[in-house]
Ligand code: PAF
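The chain that follows stands alone, in the form predicted alone, written as structure tokens.
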């Protein structure tokens, strides 16, 4: 594909028509550094789309005319960097192209007050309005499938996600973690203005944030006053230092598993920002839904792709049901059942096929628990108070450090009510019956006709939804996904996109 430089907005449509591919868009203000390189190369490696980099110093983002005039301009170097790292085209418009005089079609947007009034918005009046206006203009011109942005400007990222949602734009936002230089400071186009001493100050600031993150992992608390005291001792001018919820930018609460520690300082005439994410445990995805909705298959693939632990809670109930049948345990006798549960061990082990085998009291029961015999009794077993209490406690123990995706019928409502992402996966009874009929792991379903299978699924749904203890219901904050007509990969990709939208990429960095 021939690499091109586009300078006029009228040329964009022609280029878009000629590439005949979806577009990845990487907006920049030039003076490109390794952070921009990471954005461009990530876009190149993600897919086979055409990659368009824009270089435009947006005057609406500057509340200080001198700051605009002094913004570094390195256009020839920017062009070389863009093309050598995966750009197929570079868009370098003029102010008149982006904001034609007397053009009433240009919409000057306002950033949402709830997101723009905190942090940088306190002193940079109108800055985020300018960001929204230019990005909206560029998106309408380029019509990309994906928009690549850095998490360094986290507040800006939130505001642009809100813009895409508010304007119902058909574009997916892909983010990359904050990229740091050799001395730990975030890569920024403004770093060229720093003197040697000023760079030491910003490096100290960044190291204090990173140290606070490290301490939080052990102590689960943060002391803002202590950090401010250390920075002040170095004569560092603090504009703000806040501990906030990462998506609402409201004050962080003790129950927030992920929170944001963000600050801005002045080094000479240069203003710089940095942040870290604080986590009490790694994220959890909770996937609930009725039998046959595809939970197990979807959950396994998500765990593999996101490198999370796969917790099959349904297999735990099935394994216990299997043991009760095998040992002829009378589960109606409460005290006897309580004593038996004390000596039960259920564990998961990876097999040679990289799948999970289920063991109960050292018996491998992976295949046996998928029989219709187990399916017909598991709902009754799972409705027993002692059984649910025992297994919920076991599941919570497994999830104490997070980093897992769990599936079942009460994961988001009972087991992990504070999971970062809750999904309610469902499908029509017809669709679920067909899946059970063709399920290689379902030992008896091939011997049952489709009509009978539908009736069994209806019966199971009724029992699961009407049991007194932890019934199958959709959590208030769960996202419902109806899988009829969608492939497994499409459902998996949808859930991973939802996860990536909620969980900052930087939390994956050890």
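The structure displayed is predicted, hence computed values, not measured ones. Positions refer to the first chain, counted from 1.
Omitted from view is the form predicted together with pantoate, to which the following refers.
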**OP:** May I ask you to check whether residue 483 falls inside a 4.5 Å heavy atom distance of pantoate in the model of the complex?
**Re:** no
Subject >> Contact test in the model of the complex: residue 153 vs pantoate, heavy atoms, 4.5 Å >> reply: yes
Original post:
Using 4.5 Å between non-hydrogen atoms, is residue 470 touching pantoate in the model of the complex?
Top reply: no
Subject >> Distance check, residue 262 to pantoate in the model of the complex, heavy atom within 4.5 Å >> reply: no
**OP:** Heavy atom within 4.5 Å of pantoate in the model of the complex: which of 31, 49, 41, 61 fits that? Just give me the one.
**Re:** 61
**OP:** Would you kindly say which of 421, 320, 131, 406 lies with a heavy atom within 4.5 Å of pantoate in the model of the complex?
**Re:** 131
Original post:
Among 173-181, 153-161, 213-221, 267-275, which stretch has residues with heavy atoms no more than 4.5 Å from pantoate in the model of the complex?
Top reply: 153-161
